[in-house]
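Provided below as structure tokens are two forms of one protein chain, presented individually as structure 1 and structure 2.
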Structure 1
């Protein structure tokens, strides 16, 4: 694709400004089942998104074929599209801004295919040998993805960003008599030759085995530790409440809440696309706006809305560098990037000791159907284990937790130290809450 040619032609046809966004991804996936390789898939995809401002309207076109022979046809279709747009929102193609770029701390070393197969076979054997109650390795997979984003526009912008990720994934089925349970585990692997296979297998198998013999819990109000995985999922489900786009449209529970206390003073929320501990690092958002670290909630007080260029213009402010696409063909939306709750000082074990008697929730189900984003009420199926006198007592299942997210986040006893970055760009440590309603027996 001759980008200069496309931009020049678009301007010649009347576009006031024009942008070419490309997402280039390469992937290799090897799956393993029953002692042998099940699939071996490689892919290379280059997706191109064109955005252009003409007559004050923003036209958007996406394609996986960026041949120069299609230039006139695609740009012609964008002109037709713009003439049909009725929205009064003003589109923006950004001008380039200088910024100091940083690099990720993680260095992923690409292994040979034979080394991956050996690791998968060995880990499968270790899982089967871990405990006689292990019935089957339900799936195993190695996945590596390299992604690069490039943004070029008529104002002279030419920026590049990208990341690489390598992941080991496995699932296991365990049983005792007629009872059968399953679980899965995944882990980032920077260097396969140094990957702790025993630790991976132990975490996977114990997670599944701990589900055996689980019982329900008498309905009531309990002190609850929302373990880091479950807490991250719940926080992620409500993370769009900080979006300036939704706040500007009156669709966020935080309308008119800037500068007010919305959480406990133990809760501080950071959004930092440049966090080198996270999996994804972005020097620029998908509009080419430089990113930066920002405090969204400071000791419980809502301080900063997240914005892309359009939402910032609507509210008379500046973009916070949170304009991201969910895929190359999508529009630019306001999204958090590497958002997290600042960790405390106590381990999960120490939180359990502080709680004394109560429930640790390890998993939540029904997040999309079981919550109301506007009111922040939620009622979700969950599972975990009961803690008695500060020690793990028994596994719990077949229960439901219900609360109001904003009220819950004001009733925090303590925040754990176990913040851990995995694949998600929204993470929290485990958090101990004073009292949540549990429905069970």
Structure 2
């Protein structure tokens, strides 16, 4: 694709400004099953997204065929599409802005395929040898992905960056004759030769073995610790409530709530695309707007809405550098990047002691369906363990937890210290809540 040619042609056809966004991704995955390589996947994909402002309307188009021979056809279609838009919302293509760029802390060393296979074979054996109740290593996978992002526009913007990640994933099935349980674990691996295989295997197997003998729980209201993984996924499911786009359209549960107390004063939420502890790092958002750290919720008070250029224009403010795509082909949405709840003082064990009797929820299922974003009501399948007199008592399964997210976040007893950055860019520590409805027996 001759980008200069495309931009010049678009301007000639009447576009006021024009942007070309490209995402070039490469992947290598080796999976392992039953003592041998199961699958090997390699890929190279370049996705191109075009945005252009014409007659005050933003036209968008994405293509994986970016041959110059399609230029006239695709740009012609964009003009037609823009003419169909009747919304008064204005979009903008941004002018280049200077920012101090920071670099990621992590350095990933690419291993040879043979070294990956040796590691997978060895870890599989260690899992099988860990405990006689281990029935099967259900899946194992080494995955490495490299992504490069390039944003070019008619104002001379030329943002280029990229990231790489390497992940080890494994799943295990355990059983004791009467029942079967499973679990999985994943870790970011910077240098495979230094990867702590024993720690990985122990974490995976103990998580699965602890589920054996799990029972339901009598329905009722319990004190609950949402363990960091479960809490992160629940917070993530409601994270769009801070979107200036949804608030501007009246489609967020936080409509008209800016400046007011929405959570317990124990809760502070930060959005920081430049957090070097996190897995992803972005000096610019997907519109080329420089990113920065912001306090979204300060001691329970809703301080900052997140914006991209369009949502900011609608509310007469500035973009917060949160214009991100959910894939190269999507429009630029308002999305948090490295958003987290600030950690407290206590470890999970100390939270359990503080709770005395209650439930620790380790996993939630059905998050895509079992919650109402507008009312923030949710009812979700969950599993975990019961704590009695501050100590782990027994494993719990096949129960549901139901509440209202905004109400629950006002009724926080304590916030844990175990904030940990994993693959997702929205994370929280474990949090102890005063009373949540549990349905079981």
Partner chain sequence: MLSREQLEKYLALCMSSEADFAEIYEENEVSETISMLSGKVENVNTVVVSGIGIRLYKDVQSVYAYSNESDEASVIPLINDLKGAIGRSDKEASVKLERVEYENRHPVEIDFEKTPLSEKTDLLKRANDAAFASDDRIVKVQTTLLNVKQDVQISNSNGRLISDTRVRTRLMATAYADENGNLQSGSDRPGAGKGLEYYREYTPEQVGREAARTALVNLIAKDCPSGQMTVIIDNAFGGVIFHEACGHALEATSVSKNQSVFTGKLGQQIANTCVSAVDDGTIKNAWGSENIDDEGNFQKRRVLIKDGILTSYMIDTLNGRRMGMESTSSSRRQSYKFEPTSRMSNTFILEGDAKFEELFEGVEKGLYAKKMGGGSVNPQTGEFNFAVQEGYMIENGKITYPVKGAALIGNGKDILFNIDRVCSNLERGQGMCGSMSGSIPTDVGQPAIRVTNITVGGTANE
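Just so you know, these numbers come straight off a predicted model, no measurement behind them. Numbering follows the first chain given and starts at 1. Note that the rigid core is defined as the largest set of C-alphas that superpose within 1.5 Å between two forms.
Tell me which of the two structures is the form predicted on its own, please.
If we ask which form is the one predicted on its own, the answer is structure 1.
Note yes or no: does the Cα of residue 68 move by 2 Å or more between the two structures after the core is superposed?
Yes, because once the rigid core is superposed, the C-alpha of residue 68 moves 2 Å or more between the two structures.
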